[in-house]
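Before any questions on how it binds or moves, here is one chain, the form predicted on its own, in C-alpha cells.
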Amino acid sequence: MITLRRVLSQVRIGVLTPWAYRTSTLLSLLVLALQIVLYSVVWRAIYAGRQDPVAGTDVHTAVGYAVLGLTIAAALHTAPFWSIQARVRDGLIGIDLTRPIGLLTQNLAVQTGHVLAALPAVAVGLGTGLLVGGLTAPTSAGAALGFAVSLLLAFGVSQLITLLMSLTSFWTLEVGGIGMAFYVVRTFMSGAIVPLWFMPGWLQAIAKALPFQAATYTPLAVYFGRPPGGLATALGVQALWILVLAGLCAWVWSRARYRVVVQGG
C-alpha cells in the first residue's frame, strides 16, 4: 500500500509537469489538429479521381488511419527523457537514487503521468477527425475489442522504448541530437503517419524487425481489420516486445548505475 502510494506520487508529478508549461502543451494540441487537417487534405488529393484502392486501402481508410495514428502517437509517444538528461547533468539523479522505489519504476510512473496529461490530445484528435470527416468505425466488434487490447500493449511497448532511450543520458550528457533522431525514426517506423502496408517490402521488413511498429501500427492495423499475421499473432508479438524491452531496460540500467558519480554534499 505504501509502495503504491509512492508510485502514484510519481504519476502525479508526471501529470503536473507538462501542464506547468501550459502554452507549450496547448500549442502541441493545436499542432496535432493542424497535422490531422493537413494529412486528410493530402490523402484526399492523392486519391482524387481514383476509384480503385491502393494496397487494399481506400481513401476513407487512409484518412481514418492518419487521424487515429497521429492521435495515438500524440498520447503515447511522450518524451520525458529530456528531464532525465537534465537531472543527470545537474546531479539531481543522486536524489532519485535515494528514493524508496527503484529508478526504473520512478521513470515508468512519471511517463505514465505524462501519458495521462496527454489525454486531451485524444479529444482534440478525434474531434478534429470528426470535423474533417476522417473517422471510421472499426470493421467489427471483434476488431474493436482487439484494438482495445492491442492499444494497452502498445502503451507498454511505447513506455519501455522511451525508458530505454532515457537511459542513454548516463552515457552522454547531451541527448538533443540523439533525441531528434530517435523522434524521427520512431515516428516513421511506428507507422504513425504512413501505414506499413504502403511501404516497399524491404522497408516493411526493417520496420517489422523494430519494436516501434508494435506501439502504433499494430493497434491501427487491428482496428482496420488487417492485423499482421492475424489477431493472436499481432498481440503475441506486442507482448513479446514488452518482455524483450523490459529485459533490455533492466540490463542497460544494471550497467548505467555504475556510471553514476555524485560529488558534493
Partner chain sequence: MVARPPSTLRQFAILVGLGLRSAVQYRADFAMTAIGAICYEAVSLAFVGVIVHAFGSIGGWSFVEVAFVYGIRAMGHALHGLLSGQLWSTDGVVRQGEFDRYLLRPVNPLLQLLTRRFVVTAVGDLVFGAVLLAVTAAAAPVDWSVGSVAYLLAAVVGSAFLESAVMLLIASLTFRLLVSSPMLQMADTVFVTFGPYPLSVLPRTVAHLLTFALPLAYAGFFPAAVLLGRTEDLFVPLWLAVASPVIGLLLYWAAVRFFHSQMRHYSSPGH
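Positions refer to the first chain, counted from 1. Keep in mind the model is a prediction, meaning the values are calculated, not measured.
Below, we refer to the form predicted in complex with its partner chain, which is not included among the displayed structures.
* Asked: Which listed residue (Ala144, Leu119, Leu130, Val184) meets the criterion of a heavy atom within 4.5 Å of its partner chain in the predicted bound form?
  -> The option sitting close enough to the partner is Val184.
* Asked: Which listed residue (Ile178, Leu135, Leu103, Val149) meets the criterion of a heavy atom within 4.5 Å of its partner chain in the predicted bound form?
  -> Here the answer is residue option Ile178.
* Candidate stretches 219-227, 30-38, 205-213, 235-243 - the one whose heavy atoms come within 4.5 Å of its partner chain in the predicted bound form -> Going through the listed ranges, the match is 30-38.
* Please check if Gly49 has a heavy atom lying within 4.5 Å of any heavy atom of its partner chain in the predicted bound form. => Flag for Gly49 set to no.
* Hey, in the predicted bound form, is Phe155 touching its partner chain, heavy atoms inside 4.5 Å? -> Phe155: no contact with its partner chain in the predicted bound form.
* Examine Val194 and determine whether its closest non-hydrogen atom to its partner chain in the predicted bound form is within 4.5 angstroms. => It does: once its partner chain is placed as it appears in the predicted bound form, Val194 has a heavy atom within 4.5 Å of it.
* Asked: Using heavy atoms and a 4.5 Å limit, would one call Leu231 a contact residue for its partner chain in the predicted bound form?
  -> The answer is no: Leu231 has no heavy atom within 4.5 Å of its partner chain.
* Candidate site Ala45, Phe188 and Pro200: all three near its partner chain in the predicted bound form by heavy atom within 4.5 Å -> Spot residues vs its partner chain: full contact, yes.
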